[in-house]
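Below, in structure tokens: the form predicted alone, a single chain.
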């Protein structure tokens, strides 16, 4: 799998999972690969008794991860809620990898997702030839998770239409999936559960019905608490992504990350970090995930079109693109920020010049 662009978490961190499994003496819920405490260690980082270093996959409040893991140890589904860029999908993937060793049983919910993609579909050639039968039925990731007693991930649940969302109610409440065409029912094996992610900030989201909300335990993942924490998250993910893309990591990358995160936090919060200047906020979220994307774009620019060193010029085009989502409103916001804040900061002089060039 060396040439795969993005390997699943259970492959990338296989050694860590095996190390935790090897010395895990804690009791485990049915069909779990490691105990709940070991799952939290895998997410939050630590060290095994044998000295194997477990890298932190999530930097934030440990109690939130403990609550998420405790929820999945029951028969109640988990909903990770938060604004875009709060690592909901990242946490969902790693929870699934640690608990059942398989993070790829996933349904990406969109406006075009229908019931057949959630519950089950049909091989229409078989259906026409033989009529409804088990051979003609095409199982979805949810169907396979129920049969095997493992986890199914539902990404961006609120992107699906409300009527399609509600097809989950029977599965979550009764732990069964009726197949009326065959007059059969698929019953969930022990260990089955659902991890869903959702946000309510973007345009085009569909509110969950009250009936469906009641069947989830909701864990809200917040934006990073402070500057240092957000810089650490971005630095870690940029390094991992850069290695995966064979992009050299210059020595000054953390220094540039601090500047990008400062710009994001100030525009996102509507004031400078010292609280002295009130700012207009752009229409976009300026999330941690977008800061990571800006930096990775800058690394690529520096590697392929620069001389290897990471400069403000390499980052600025990506930075402007992340901030200016609305070409009218956001451009005004950024121009004001450049003139009232960035122009006065000596160490941001190159950003001021190159971002103005892009604008």
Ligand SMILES: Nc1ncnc2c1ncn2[C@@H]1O[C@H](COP(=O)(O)OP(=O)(O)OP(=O)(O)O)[C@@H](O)[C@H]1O
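Owing to the predicted nature of the structure, the values given are computational and were not obtained by experimental measurement. Residue numbers count along the first chain shown, from 1.
There is another form of the same protein, the form predicted in complex with the ligand; it is not shown, and what comes next is about it.
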**Q.** Residue among 324, 312, 59, 317 with a heavy atom within 4.5 Å of the ligand in the model of the complex
**A.** 59
Q) Which one of 279, 83, 188, 164 is close to the ligand in the model of the complex, taking close to mean a heavy atom within 4.5 Å? A) 83
Q.
Among the candidate stretches 33 to 41, 51 to 59, 302 to 310, 326 to 334, which one is within 4.5 Å of the ligand in the model of the complex when only heavy atoms are counted?
A. 51 to 59
Q. Does residue 156 make contact with the ligand in the model of the complex, using a 4.5 Å heavy atom cut-off?
A. yes
Q.
Taking the ligand as it sits in the model of the complex, is residue 216 in contact with it (heavy atom to heavy atom, 4.5 Å or less)?
A. no
Q | Residue contact check: residue 212 to the ligand in the model of the complex, 4.5 Å heavy atom | A | no
Q.
At 4.5 Å between heavy atoms, is residue 237 in contact with the ligand in the model of the complex?
A. yes
Q) Taking the ligand in the model of the complex, which residues along 270 to 308 bring a heavy atom to within 4.5 Å of it? A) 288, 289, 292
